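Same chain, two versions here, written out as structure tokens and called structure 1 and structure 2.
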Structure 1
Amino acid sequence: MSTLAIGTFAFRLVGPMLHARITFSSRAQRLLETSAVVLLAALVLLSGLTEGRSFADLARPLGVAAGGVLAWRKAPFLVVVLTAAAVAALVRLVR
């Protein structure tokens, strides 16, 4: 845990320090942004569809998908989150 805590703090420190010294090319900046989004997208898929090394039950992906559709239609953040949980809970209740 301390590895994660200290390392994360270092990452937070690096940006503003680097900014004062060097300028990133727009290409490098774009590449960094794309990497972050790709990582997070994989995290969405893995945490939404899998549980350890097997697939999650149907309810979780359905809940996440419901939240995703609302987010796509620019619904408020809180509505997105609560809908995802509610849909997953309902599917489990029904099955």
Structure 2
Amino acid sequence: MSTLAIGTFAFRLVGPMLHARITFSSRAQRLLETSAVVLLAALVLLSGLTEGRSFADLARPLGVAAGGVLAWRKAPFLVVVLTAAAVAALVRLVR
């Protein structure tokens, strides 16, 4: 566990240290910023829509969608999480 923590800290520390030494073109910088957003969106979709190797039930995508809308509207994080959980629970209760 401590090795993992040290490795994670070192990995996070390398970014700011190398940022001053490496320069990217503006196009590469935009591409890196866009790729980070695409990667996070793919992660949210994959974990929100699937369970194992199959499609998750309808409650999870609806909960993720409700949380996504609230996050997009810049609602507080606690409200986003609680609303997403409540929507998923209500859909499972009704079904």
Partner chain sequence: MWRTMDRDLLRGIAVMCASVGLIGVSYGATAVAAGLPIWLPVLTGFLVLAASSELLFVGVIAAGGDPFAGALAGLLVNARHIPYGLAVPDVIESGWRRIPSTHLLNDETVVLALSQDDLPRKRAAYWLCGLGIVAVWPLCALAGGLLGALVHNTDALGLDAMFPAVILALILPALRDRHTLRAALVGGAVAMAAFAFLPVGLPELLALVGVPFAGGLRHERSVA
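Note that the coordinates shown come from a computational prediction; the quantities given were computed from them, not determined experimentally. What we label the rigid core is the largest C-alpha set whose atoms superpose within 1.5 Å from one form to the other. Counting starts at 1 with the first residue of structure 1 and goes up one by one along its sequence.
> Do you reckon the form predicted on its own is 1 or 2?
If we ask which form is the one predicted on its own, the answer is structure 2.
> Can a Cα shift of no less than 2 Å be assigned to S35 between the two structures, given superposition on the rigid core?
S35 C-alpha, core-superposed: shift of 2 Å or more.
> Using a superposition on the rigid core, decide whether the Cα position of P76 changes by 2 angstroms or more between the two structures.
Stays below the 2 Å threshold, so no.
> Can you give me the Cα shift for I6 between the two structures? Core-superposed, in angstrom, one decimal please.
For I6, the C-alpha ends up 5.1 Å from its position in the other form.
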